[in-house]
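Only one chain is shown below, in structure tokens, and it's the form predicted on its own.
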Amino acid sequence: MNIITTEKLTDFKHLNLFNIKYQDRAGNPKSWIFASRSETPDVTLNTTNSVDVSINKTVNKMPHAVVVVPFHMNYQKLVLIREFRVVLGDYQYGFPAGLVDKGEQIEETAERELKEETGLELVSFIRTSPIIYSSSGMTDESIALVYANCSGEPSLEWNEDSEDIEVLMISSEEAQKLLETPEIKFDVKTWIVLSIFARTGKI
């Protein structure tokens, strides 16, 4: 596959559309429209116009966003949020998440977003995923999953006006019931974590 050009199609603050032109394996010209949170998408060309697939591309790179998987130490329950998502026109079950601000580290973003969306305090980090991708057929958006212990009482005091959030704390049994409720809309990462939590009681 050879990447030829990448053209920016829109000019918004947090998300834009790009048209990437490339050649397939048979040399046929192709194009693909995708969304990106980057001013310049992370598609690099080498001197032969072939895409750089070096494993070192993501070394020291920060993800666009962080998703926090919080476990409440006092209640011994997993923390979820039920949030209105405009694109769905409905509520979706997910985890606290947000964009990495300029100059922030992953841990700082996780602590800030957990506080802003749930009112809870991040106590300790359990583990952090490498950079992973949300839906590479539509976007180059990258995230890090941060598993963490938390404490405190839920509060919506720090929610923005554009956020419509309900904070939930659930046991493994309650997680299983949610998974078996067909009308619920899940974020894909949340469904996977919930499935493991329902089966093992661990994150």
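All values derive from a computational prediction rather than experimental measurement. For every residue, the number given is its place in the sequence shown, counted from 1.
A second form of this protein, the form predicted together with a further copy of the same chain, is not displayed here; the remarks below concern that form.
Novice: Choose from 70-78, 103-111, 117-125, 86-94 the stretch whose residues reach within 4.5 Å of a further copy of the same chain in the predicted complex, heavy atoms counted.
Specialist: Single hit among the candidates: 86-94.
Novice: Quick check on this chain: which one of Met169, Ala175, Met62, Ala35 has a heavy atom within 4.5 Å of a further copy of the same chain in the predicted complex?
Specialist: Contact with a further copy of the same chain in the predicted complex is made by Ala35 alone.
Novice: In the predicted complex, does Ser151 come within 4.5 Å of a further copy of the same chain, counting heavy atoms only?
Specialist: It does not: once a further copy of the same chain is placed as it appears in the predicted complex, Ser151 has no heavy atom within 4.5 Å of it.
Novice: So in the predicted complex, does Ala198 come within 4.5 Å of a further copy of the same chain, heavy atom to heavy atom?
Specialist: Close contact is absent here: in the predicted complex, Ala198 is far from a further copy of the same chain, nothing within 4.5 Å, heavy atoms only.
Novice: Would you check, heavy atoms only and a 4.5 Å threshold, whether Ser136 touches a further copy of the same chain in the predicted complex?
Specialist: Yes, Ser136 is a contact residue.
Novice: Please determine whether Asp161 contacts a further copy of the same chain in the predicted complex, using a 4.5 Å cut-off between heavy atoms.
Specialist: Taking the distances in the predicted complex, the answer for Asp161 is yes, it comes within 4.5 Å of a further copy of the same chain.
Novice: Heavy atom within 4.5 Å of a further copy of the same chain in the predicted complex: which residues of 1-30 qualify?
Specialist: Result: Met1, Ile3, Leu9, Thr10, Phe12, Leu15, Asn16, Leu17, Ile20, Tyr22, Asp24, Arg25, Ala26, Asn28, Lys30.
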